[in-house]
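The chain that follows stands alone, in the form predicted alone, written as structure tokens.
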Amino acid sequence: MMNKAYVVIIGGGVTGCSIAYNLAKKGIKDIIVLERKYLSYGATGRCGAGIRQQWGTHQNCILSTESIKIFENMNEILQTKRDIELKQKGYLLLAYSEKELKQFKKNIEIQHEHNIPSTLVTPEEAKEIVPMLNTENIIGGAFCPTDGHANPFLVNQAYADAAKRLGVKFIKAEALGIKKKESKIIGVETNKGFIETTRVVNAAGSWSKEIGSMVGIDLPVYSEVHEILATEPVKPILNPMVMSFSHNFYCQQTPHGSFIMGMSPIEKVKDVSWQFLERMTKKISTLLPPTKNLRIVRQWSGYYNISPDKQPIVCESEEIEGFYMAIGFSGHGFMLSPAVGILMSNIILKEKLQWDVTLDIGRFKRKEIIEEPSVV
């Protein structure tokens, strides 16, 4: 095993692999990605596979639009072995109250500043977009035709393959501790030996808080279990992702034909539950009646790693030199990973940030918090 590296990235999910690729692309050698299980084991392989630009903060709009541009050309950029299954058929967001519709209007004003082609829609227009939609109690919505879907496993693998071609080493090992001298990183202790390095990136998703504790930092994030189910594949009957923030659900049909749907927990759970299946199927079969005939093939759970303002933390620690973090994505790490990989490469290489965003952890102390209002 390599025992010395320019940087050690903890976490082989899509964020860690995107960071590794973007650093290697700039000529950095001796990059190690540590993954204790396998690629996509964590949140990447358990997410809802959606990619959207309909956000309520400037920063998330910037990160998502820049990521979409990369998703649209990812097969060529990363020279993928398999198509990433990009499907841009839109996201239809549903409003069930005047308050929610008012928020959509505010969001769209922000989105238009970033050239996101979103529009407000009436219930009738929503039904034209999704003919099977039961519009009872729906007072309007928002739609963006360039939002959509990509396969998280294939995107993760594509970044990893591209990084390997540029010399990045992937090691199946668990980080047991991070050593520092005074306030500087000097290495990572793993279950397969010590790696000397002056830079560590915490891209450990739901384990990010534990990684932070290895250098004595209490990170302001927590992890929460969310559940998802998938059905058997059927012929195409649903184009866009259908989502409601107030009713806490999302539902899409993948290019493969299966439906993927999930919702926020109403009580704390540690893993999958039959109560989720009951609530989810009841809600979706009422909203999209033809789905009542679908057969479920599996369900699973995964963690959201949540920050106080529901926006990611992407920065170097103010306390420990050489300790970087890309955490707190609040359920949206997959869709933002292309842009975050570039930003973290800017930060590590002391470059000017490619986009005007403020994602440092110090924003919470400075009380510069603008909470993202549009999350499930």
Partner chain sequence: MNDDNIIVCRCEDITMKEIRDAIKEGFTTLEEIKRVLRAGMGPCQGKTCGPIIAREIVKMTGKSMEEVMTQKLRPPFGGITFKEVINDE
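Numbering follows the first chain given and starts at 1. Computed from a predicted structure; not experimentally measured.
There is another form of the same protein, the form predicted in complex with the partner chain; it is not shown, and what comes next is about it.
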Inset, instruction - Using the partner position in the predicted bound form, report whether F153 sits within 4.5 Å of the partner chain, counting heavy atoms only. - result: yes
Inset, instruction - May I ask you to check whether Y96 falls inside a 4.5 Å heavy atom distance of the partner chain in the predicted bound form? - result: no
Inset, instruction - Would you please decide whether R46 lies within 4.5 angstroms of the partner chain in the predicted bound form, comparing each non-hydrogen atom pair? - result: yes
Inset, instruction - Give a yes or no for L229: in the predicted bound form, does one of its heavy atoms lie within 4.5 Å of a heavy atom belonging to the partner chain? - result: yes
Inset, instruction - Name the stretch: of 132 to 140, 297 to 305, 97 to 105, 199 to 207, exactly one has residues whose heavy atoms fall within 4.5 Å of the partner chain in the predicted bound form. - result: 297 to 305
Legend entry - Sole residue of D218, E128, D271, E113 within 4.5 Å of the partner chain in the predicted bound form, by heavy atom: D271
Inset, instruction - Quick one: from I313, I32, L39, I62, grab the residue that has a heavy atom within 4.5 Å of the partner chain in the predicted bound form. - result: L39
Inset, instruction - Within 4.5 Å of the partner chain in the predicted bound form, which residues of 262 to 286 have a heavy atom? Give them in sequence order, or say none. - result: D271, V272, W274, L277, E278, T281, K282, I284, S285
